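The chain below stands alone and is given in structure tokens; this is the form predicted on its own.
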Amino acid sequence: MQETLYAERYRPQFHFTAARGWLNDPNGLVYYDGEYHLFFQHNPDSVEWGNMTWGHAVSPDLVHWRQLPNALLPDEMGTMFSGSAVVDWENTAGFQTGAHRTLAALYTAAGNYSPESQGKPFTQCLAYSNDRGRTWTKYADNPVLPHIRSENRDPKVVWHAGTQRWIMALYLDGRDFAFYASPDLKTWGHLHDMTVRDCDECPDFFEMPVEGGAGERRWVWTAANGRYLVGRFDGRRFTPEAEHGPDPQTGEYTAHRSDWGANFYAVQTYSDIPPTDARRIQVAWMARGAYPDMPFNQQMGFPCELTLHRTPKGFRLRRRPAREIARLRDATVTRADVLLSDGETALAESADSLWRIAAVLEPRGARAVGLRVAGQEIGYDVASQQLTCLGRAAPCELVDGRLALEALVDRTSIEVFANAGRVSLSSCYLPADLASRVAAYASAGAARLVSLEASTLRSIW
């Protein structure tokens, strides 16, 4: 018997998935007129990668999503690879025709990836919408940025108020990236190139405040794998902080890592979040998860809030789940001041593996402490100061002798955030059973569970 759409065994219940077909990179993340837009790399005809199309969904709250008709379809220039979207508030491109501001999307036309585009190169193109993103028109004079080299792709565009220009971060090839500027989204001039170790694809670029910095701000650049640089931008050149290099021999910069999980890729942040909110909200593709016998393939990570902090080691990002996760909270179990002897202490149970868990642990004399949920372990080794989950490990120092954990557990993924977002691990798994329980444990000594809040979550579907 065919399962009901969105109720299948391996369908994530609070992470976005396409109704049917393949999904990968989040594209065109933009907020306008009360809606968060999520475009995404999509194959509507198969659960395998290919036939790249921009799928489209909207949400009023970053939690509940409604999939709309596909936005950008393959054409004679190529299939529709990744890109970004912005609100053209000042009508710099001259496309606006009605009361609504124009939404503009910059995307890569991937030549040679479809029969009608054989022999054509990768170029950067422009499309626009005057009806809140419901229909899209490709610019008649595309491409707006001709082929540069190799499979150059993934334009991320942001407005720079100081120079009154649009700035594009673009992937070139290997570990090379570039910056461009435009007054109108249609004509682009080269600014400079940059090489970053262990990074390729899907650059993002944005300005954000330094927490507690009394108005201090920095620009942040990220690559597909979430590695990031922090620095200054004057509208012409991005200059990373000294902690990133460059290497005197190669000229390469070294980026900080932001996630240690197995399934975290193609990160992009939202454009045009209102000043009254002003959060920097990031979405990742949880790449390479397994969804056997499902009508869909792949999922997005849960939206996360980024904050930037000055530390003794330099500037660091922190990632935490967007506060809107609280909208899904159902039954909640709380515990406090629980002694964890050598072994496991059961704390909560659920008929489905949908959890938001917040816990604070004091290892004290134990060799290791952690949580067990949905048959998986979120563990901390005291001697090595490592946090582990689903086969991946991250360096994680205790803060005042404590480990604070936040975990989002869906049917096919676990996202762990430690010590107020200093460390995160985003990974996929397949549950043996949908019923699950939450337990805390200590090994080779006693520890203390300072507090626990374990909430079951409702489905967004």
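Fair warning: this is a prediction, and the values are worked out from it, not measured in the lab. All residue numbers are counted from 1 along the displayed sequence.
Form predicted together with a small molecule: not shown, discussed below.
Checking 243, 272, 344, 201 against the small molecule in the predicted bound form, a heavy atom within 4.5 Å turns up for just one residue: 201. Of the residues 355, 265, 238, 302, just one reaches the small molecule in the predicted bound form with a heavy atom at 4.5 Å or closer; this is 265. Residues 52, 81 and 154 are all found to lie within 4.5 Å of the small molecule in the predicted bound form, as judged by heavy atom distances. Residues placing heavy atoms within 4.5 Å of the small molecule in the predicted bound form fall in a single listed stretch, namely 201-209, out of 215-223, 175-183, 357-365, 201-209. Contact annotation: residue 285 falls within 4.5 Å of the small molecule in the predicted bound form, judged by heavy atom distances. For residue 41, a non-hydrogen atom is located within 4.5 Å of the small molecule in the predicted bound form, even though that partner is not displayed.
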